[in-house]
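In the form predicted on its own, a lone chain appears below as structure tokens.
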């Protein structure tokens, strides 16, 4: 008889789209692409690094030998931890296989105003608002801004965003920047919040997001930031936004080969510079709708491609940066709920590690915190399915079934009292009677989402009062120095 006391079977169900043979073929396609087609690397020091380790370099084109790719993959750590700056272990991120964290996304130029419900440019105040709301939402495992700030000095949206977000949430942040200067500014802020450089190295409090360009281009700033993060052992994402039929082949298999190849350049760079540095790959994977020239965020292909890419990335032994909770419609409505539900469930059931863009509308052009709040509820529902069903003598309840027998009920059973609290409880979904629903104002789902979001905005304070004064002062100093740098650069260019 097999002893099963030390493990459970299928405790967390996940689906698979690709067979092992298919994953191997995509992996081998990446190896051939990087060896024979290569990738453009617009960074001299990066090209020198690759050449030193056996790559053929022809102008800006770099060709990567298979053995170098395999060596890089062998040193990416299987587990990495990212910590909330206040030490709350409940918000700690553990980067490992099949552990999923959901968050918003970065950089849309527009935002849905929470008072007027109208589309407008994304403003500095919105970064703090998004951070506080996400800090309050139980299913947002990390924070991004849902926009790119319009009302600060040109070129400093990235550092202002991080400065305001990190003081309004203890949930780890996924940051981004235009250049290495901004990357360095954000790093200094992370160090200030951690209490020192060594403290940050031991307990990093953010992840940095960088993006190569499809097809097969690592531009100067992307690889420059990638190398900086590797040097300082900052956990980072290096993933493209691949457009099926536009920047990558229209076939799904071809898209996966190119996208994997683009990310792999960053993987190789990080592991050559600092073996054992956390690097996460994947990115947005969807198709170009040729009728409207729109990169579709609500397409079922996004869910299919993202889930398949998750399998291939995990086949490589790497963590996956995926996409969900987004829509092509312009405002939160039935379409946005349908598209978000499909992508959230696909991301959850594929086992993706970081799932971003929850709150994207208008095909990634507008951020909507109301959509994020709805997505939080959808993620909570998906987690019920992800947990699977626990089966042991207690849950099988054979003795309880025998005690109640035929024709009885379980309402007064101790077993019921012990277990009914395990059932999922909605915060937004309507399960009321019609009469009670009318009595309470006949509120639609949209009404309830708006009400919940505004309540969080008005009443959830966030961690502002816990931010160490010294850290806040250092952040303000960094912002001022960034302003002076931009001013000098402007004068130099005149």
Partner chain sequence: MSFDLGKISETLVTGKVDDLKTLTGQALETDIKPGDILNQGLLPGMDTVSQRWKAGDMFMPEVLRCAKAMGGAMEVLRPHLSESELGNAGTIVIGTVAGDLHDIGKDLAAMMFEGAGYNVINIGIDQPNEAFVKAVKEHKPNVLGMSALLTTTMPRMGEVINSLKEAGIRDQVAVILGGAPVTEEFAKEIGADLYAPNAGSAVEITKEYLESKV
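Since the structure is predicted, the reported quantities are computational estimates derived from the model, not experimental observations. Numbering follows the first chain given and starts at 1.
Separately, the form predicted in complex with its partner chain exists; it is not shown, and the next lines address it.
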Look up in the predicted complex whether residue 109 has a non-hydrogen atom within 4.5 angstroms of its partner chain, and give yes or no. yes
Is residue 148 a contact residue for its partner chain in the predicted complex, using a 4.5 Å heavy atom cut-off? yes
Residue 243: touches its partner chain in the predicted complex, heavy atom cutoff 4.5 angstroms: yes
Is residue 113 a contact residue for its partner chain in the predicted complex, using a 4.5 Å heavy atom cut-off? no
Does the trio 142, 378 and 466 actually contact its partner chain in the predicted complex, every residue with a heavy atom within 4.5 Å? no
Counting only non-hydrogen atoms, which stretch in 368 to 376, 290 to 298, 80 to 88, 321 to 329 is within 4.5 Å of its partner chain in the predicted complex? 290 to 298
Position in contact with its partner chain when the complex is considered in the predicted complex, options 345, 205, 128, 247, heavy atoms within 4.5 Å: 247
If you check 386, 219, 413, 96 against its partner chain in the predicted complex, which one has a heavy atom within 4.5 Å? 219
